[in-house]
Ligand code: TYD
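The chain below stands alone, shown as structure tokens; this is the form predicted alone.
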């Protein structure tokens, strides 16, 4: 049995990690094998790349350098963990994936979208999520929650507005895969909506 590949996307501070954990717990209680991963990271190499990408001391990093570092981490993660897990029937829940690269380095930073899509395909071998939950909330609220702790969070309001707009464009382009979920004050309410969408799509 092939596993299901689930990704969570959204602006900074939207609660992706919290919702990923809640969904993993819900699936495990129903007898599913689940692996919870994050981008960049979740491999020995990926975590080292993450340290570089988020380091506030590297303010001179160009968008193209960012792009290749994210792709390198992703290529390692797909080959080392995601594909093997899916082949074993494991449900993979991933905090950020290719959509993040399209909106952050593409829509927000202005790199060519077609080129990013081609590079994403190379890095992942064409592996796409079965379903993506796009968590949406007010930009100011999200940035305040995130606390501007890393280099990417510090990029400024205009940048993050472009990120949010980019996500909406992707949701319009891929309505069968990307489901927009408005973040509720209570994380359990957000979780309930995610579960409802998931059950409707996969009959679990």
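Positions refer to the first chain, counted from 1. Predicted model only: the values in this text are computed from it and were never measured.
Same protein, other form: the form predicted in complex with the ligand, not shown, and the subject of what follows.
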Report task. Choose one stretch from 50-58, 132-140, 27-35, 173-181: the one whose residues place a heavy atom within 4.5 angstroms of the ligand in the model of the complex. Result -> 50-58
Query raised in the report: Does residue 45 reach the ligand in the model of the complex if we count a contact as any heavy atom within 4.5 Å?
Result: no
Query raised in the report: Taking 4.5 angstroms as the cut-off for heavy atoms, does residue 104 touch the ligand in the model of the complex?
Result: yes
Report summary line: Checked 25-47 against the ligand in the model of the complex; residues with a heavy atom within 4.5 Å, sequence order, are 39, 40
